[in-house]
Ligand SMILES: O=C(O)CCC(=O)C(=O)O
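One chain is shown next in structure tokens, namely the form predicted alone.
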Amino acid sequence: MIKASITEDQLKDFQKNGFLTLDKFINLKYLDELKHRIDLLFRGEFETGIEPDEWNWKSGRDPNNVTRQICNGWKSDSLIKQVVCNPIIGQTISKLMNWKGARLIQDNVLWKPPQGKSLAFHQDAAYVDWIIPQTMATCWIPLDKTHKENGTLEFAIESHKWQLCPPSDNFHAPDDYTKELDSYLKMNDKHLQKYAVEVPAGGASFHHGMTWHGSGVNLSSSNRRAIVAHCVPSDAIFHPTNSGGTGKIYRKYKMKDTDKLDDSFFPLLWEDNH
């Protein structure tokens, strides 16, 4: 389903810029079926009978001009699980981040329709203060060709070298999706260089959990759909006291008398056992 091989030059690019894009990642024969599965998820039709952990848009209930998001669709659909739990994602992220291994902490199923609104610039690691170490890396897989006009993912180049800031209070559909980033730049005398991800459908981008990123309004007449795998180190554990960020939702999966992240809820994708 997925093929990827990261060269040393690509590894250096990731370490320098805080992100890496690939034109080819997932076998194109799966794209149409994945789009169909995404449509079913947002209709509330779950193949496994299990509802996702977060379900931010439902057909017939919510406005059509917002970016639709489901978190942990892997629990609801077996094909989504084949993508986000693929060991190649874990192995690639482990190499990029110099981890021993990687596990899935959360997935996102994203659908930005025509005129779909923006998502605020943020750092993913800001939302996982409920784990130790507080770090993350992400694989973003577009199912449609991406470009600036259709509200593609945008990165602040080399921002993974900046400090970690508190999570955004206005993540979904802000009036100004760069406001918090602009504020940080002004306060810390930082210079911004942005990069818009333009890859074919079935490509991918990887980014560091500290890298600032966001996306603008979809000004095109086409949908922009993506599947996202957020990963943490394979040996990450629950923070003994913190429950902020998405911990308000996911600490319910903490097992009694242990801080370990259980594979049933946070699947181990890949680990180097040598």
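All values reported here derive from a predicted model rather than from experimental measurement. So that there is no doubt, residue numbering starts at 1 and follows the sequence shown.
Keep in mind that the form predicted together with this ligand is missing from the display, and what follows is about it.
- With this ligand left out of view, the stretch that reaches within 4.5 Å of it through heavy atoms in the model of the complex is, among 188-196, 74-82, 120-128, 161-169, 120-128.
- Checking Asn86, Gln106, Ser94, Thr138 against this ligand in the model of the complex, a heavy atom within 4.5 Å turns up for just one residue: Thr138.
- A single residue from the set Leu143, Leu153, Leu181, Ala204 has any heavy atom within 4.5 angstroms of this ligand in the model of the complex; that residue is Leu153.
- Mapping the unseen interface onto this chain, Ser215 counts among the residues with a heavy atom inside 4.5 Å of this ligand in the model of the complex.
- Interface residue remark: Arg37 is not counted as part of the site for this ligand in the model of the complex, having no heavy atom within 4.5 Å.
- Taking the partner from elsewhere, Val228 is found to have a heavy atom lying within 4.5 Å of this ligand in the model of the complex.
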